[in-house]
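Take a look at this single chain in structure tokens; it is the form predicted on its own.
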């Protein structure tokens, strides 16, 4: 799909023709990432922010915000809750808060990774390369950094530089990839001054950056910001509208251009179209939902746009509602960490078999190599074999001198090194094929 075709779909308002786009995106989603909807527990760890972005309610210049930072114990309890609720990923999100100190967070990452089988996604804004490298070394798996728009002039209008440092999120995304993170970017749809041509370039950039995760939401300005009720400098016929339908067009086109990426049905879509927004996104290419695990007494303070703070729900009730909605669409909740599958799934409605792997996370096995990067290697090897990984952590085999220990199916393997896991997996599957059945 080229730029001209993207522009056609972005401008299309024929319902019958758009139904073809929705169907194409849904088929692509099914063929490449399957019917699983991955649930990723979101924890908003701080609403402090050094930035003064012209649309966000957390901006430093907004003096009406009551600020907070969660403690390590608050966050750790949320991680345990995510495991209890069956989520495979924990997302730690905040404003660009330098009070979330790099060394402290690295220690928390290690603690969570040692005690749980969770993948850890960070969404903490523009941080130093040393911090990003330290968090990756500590075990963080993914980093989300929305670039909002690829139009440099428009970006400067909505997202001023800070402290004399030029903001270049696209360059940071490339560096995150080099550090070994799965990377997530994304845009707002309908920013005042955003043209259809600019939005088409955004979608092409999803492909060029080879993003693992793509977040797409409608532009919603907070009342305490300069862009509240701002008028666009563009003619009406070239200003992208901030609607659910336009957002779903971008979701669908992103799915077609980056078929194996994870694309969430965002909270902003749900806010704009209560009840149906999330479902529409799931029907048009999305395959991820991020239930909010932030303690309710803090959640109302993380008001980045109007309406978000109104969606304060008990986590368990929200979880039941989401699972029911997923089932009503004929889909199912994904298992494991739900990393990107870097290959096309077979074009079949049948689900690949699941391979259960239990990783000993005792201190000895962890220090010998059973850590985040090793688990990611295992996940990639299992997916490359055409199976769905279901990886969990446990304590302890009481054979510490022979670790690291990994149980595949019901078979315990000792002294497992990540560099040899691919060979071990081939051996395990070959033995299974040779065993008599029935």
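Positions refer to the first chain, counted from 1. This is a predicted model, so every value here is computed, not measured.
There is another form of this protein, the form predicted together with a small molecule, and it is not shown here; the text below is about that form.
Listed residues 167, 150, 93, 116 were compared with the small molecule in the predicted complex; 93 is the one with a heavy atom within 4.5 Å. Between the small molecule and the residues 219, 87, 206, 181, the one pair within 4.5 Å by heavy atoms in the predicted complex involves 219.
In the predicted complex, at least one heavy atom of residue 123 sits within 4.5 Å of the small molecule.
Proximity of residue 305 to the small molecule in the predicted complex: non-hydrogen atoms within 4.5 Å are present. Put simply, residue 79 is far from the small molecule in the predicted complex: not one heavy atom of it is within 4.5 Å. In the predicted complex, at least one heavy atom of residue 145 sits within 4.5 Å of a heavy atom of the small molecule. Contact with the small molecule in the predicted complex, defined as any heavy atom within 4.5 Å, is confined among 23 to 31, 385 to 393, 53 to 61, 371 to 379 to 53 to 61.
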